[in-house]
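Read the single chain below, which is given as structure tokens and is the form predicted alone.
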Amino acid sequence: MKELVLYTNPMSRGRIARWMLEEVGTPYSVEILGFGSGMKDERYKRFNPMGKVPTIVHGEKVVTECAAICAYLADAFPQAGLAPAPEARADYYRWLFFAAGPLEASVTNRSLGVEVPAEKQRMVGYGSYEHVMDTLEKAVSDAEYIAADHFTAADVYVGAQIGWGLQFGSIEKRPAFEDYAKRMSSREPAKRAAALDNAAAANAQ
């Protein structure tokens, strides 16, 4: 079996990768990196030149970026059933990358106080924050899961984004978002991942 290592920090997007690994259910080891020297050390930057987390190393394969990590792990461990069949992946790819692109960009800009003038909304991939929220609300309202008739890696990524946004106020507290986030966070792998990261954060303090 190939060694699987997660490089992360419990107060980062690495929590998404940890949740995905718990859903996969395969053994993995963890290296906790600090935001200063740990992530910026040349040893780690061989894996992720950005000096950020998370990163997974699976044998000789290196994967960064949370959405890519979720998609990779779903394919690398098909027995977990976290990706639809190839012919049924339209919604899976659509919402996985919607969350990684328009959703994250719009939420980040809003949190930073960046306002895109109405006449320039065509220049940004997400248009407006309000349009993104309306689109996301419809996506999580149409069915129990966002991309299939069962839980997938897309639910890990979208669920984490919505849960994080609700917690910190960067995503509006619409009932559809709260209901979806509750369904996703109530899964046992999600609870295990949160407990592991919370314990790691406490130890770091």
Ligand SMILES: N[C@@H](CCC(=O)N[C@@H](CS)C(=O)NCC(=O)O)C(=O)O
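All residue numbers are counted from 1 along the displayed sequence. Only a predicted model underlies this, so the values are computations on that prediction, with no experimental measurement involved.
Keep in mind that the form predicted in complex with the named molecule is missing from the display, and what follows is about it.
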property	result
Among the candidates 158, 53, 70, 136, the residue which, in the predicted bound form, approaches the named molecule to within 4.5 Å (heavy atoms)	53
Answer option from 66, 146, 153, 162, heavy atom within 4.5 Å of the named molecule in the predicted bound form	66
Interface membership of residue 168, the named molecule in the predicted bound form, 4.5 Å heavy atom rule	no
Any non-hydrogen atom of residue 40 within 4.5 angstroms of the named molecule in the predicted bound form	yes
Exercise: residue 185 in contact with the named molecule in the predicted bound form, heavy atom 4.5 Å	no
Any non-hydrogen atom of residue 192 within 4.5 angstroms of the named molecule in the predicted bound form	no
Residue stretch of 23-31, 137-145, 58-66, 169-177 approaching the named molecule in the predicted bound form, non-hydrogen atom distance within 4.5 Å	58-66
Interface residues of 3-25 toward the named molecule, as seen in the predicted bound form [heavy atoms, 4.5 Å]	12, 13
